[in-house]
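Only one chain comes next, encoded as structure tokens, the form predicted alone.
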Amino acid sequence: MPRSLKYALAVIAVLALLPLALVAKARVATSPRPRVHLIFDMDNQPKFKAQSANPLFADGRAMRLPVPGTVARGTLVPQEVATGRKGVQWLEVIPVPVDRQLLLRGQERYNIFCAPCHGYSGYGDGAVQRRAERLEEGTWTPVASFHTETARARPVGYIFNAITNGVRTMPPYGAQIPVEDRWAIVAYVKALQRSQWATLADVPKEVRPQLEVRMREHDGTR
């Protein structure tokens, strides 16, 4: 066999192995460039990226508003939990488990969103209310107290709806506060109301003797 032919066969053999070597390297190596697609299927297709332009629409934007009624994945909740109603009636019982963690979360959210007007104790004496009283402009609607007989009688569903959609001059907070946090605030508001109208019967029996001593000391009867 001529020497030139031997060289040619050796070169062909090496070149035949080169694609296999490149494939093996591609399987273990990383690269910012996309893989080579002989058949594109749906792995690599034309698309508009977020915040890009699209001349197809009148406003020139590729990003479109969600279809009305669209629910984000993972946020679908029962109708009663989402609205505070059962049919046309306000819920009388909070429809989520109420525990210490929920109340602490409700206190935190209340102090952020509600206390500026309603006050930390719920008497309607927050910083915004006090400033409005000092200005004496005559256009301010006084903030309601949570501790009136009317407020204490309101169902939890009513309070939830007021947070969601607003009431009178109070703006809606449904866009800022998730459903779970709204119920946490409702639970904390009810805790505030109970704290101001509690009786000795609401105190655990093992704590009552200590409380009675403090009450006598406060009243100066001891």
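Not measured: the values here are computed from a predicted model. Note that residue numbering begins at 1 and tracks the sequence as displayed.
This protein has a second form, the form predicted in complex with a small molecule, left out of what is shown; the following refers to that one.
Stretch 182-190 is the answer when you ask which of 26-34, 182-190, 53-61, 66-74 has residues with heavy atoms within 4.5 Å of the small molecule in the predicted complex. Interface membership of C117, defined by any non-hydrogen atom within 4.5 Å of the small molecule in the predicted complex, is confirmed. Although the partner is absent here, V143 lies within 4.5 Å of the small molecule in the predicted complex, judged by heavy atoms.
Among heavy atoms of F113, some come within 4.5 Å of the small molecule in the predicted complex. The closest non-hydrogen atom of R168 lies within 4.5 Å of the small molecule in the predicted complex.
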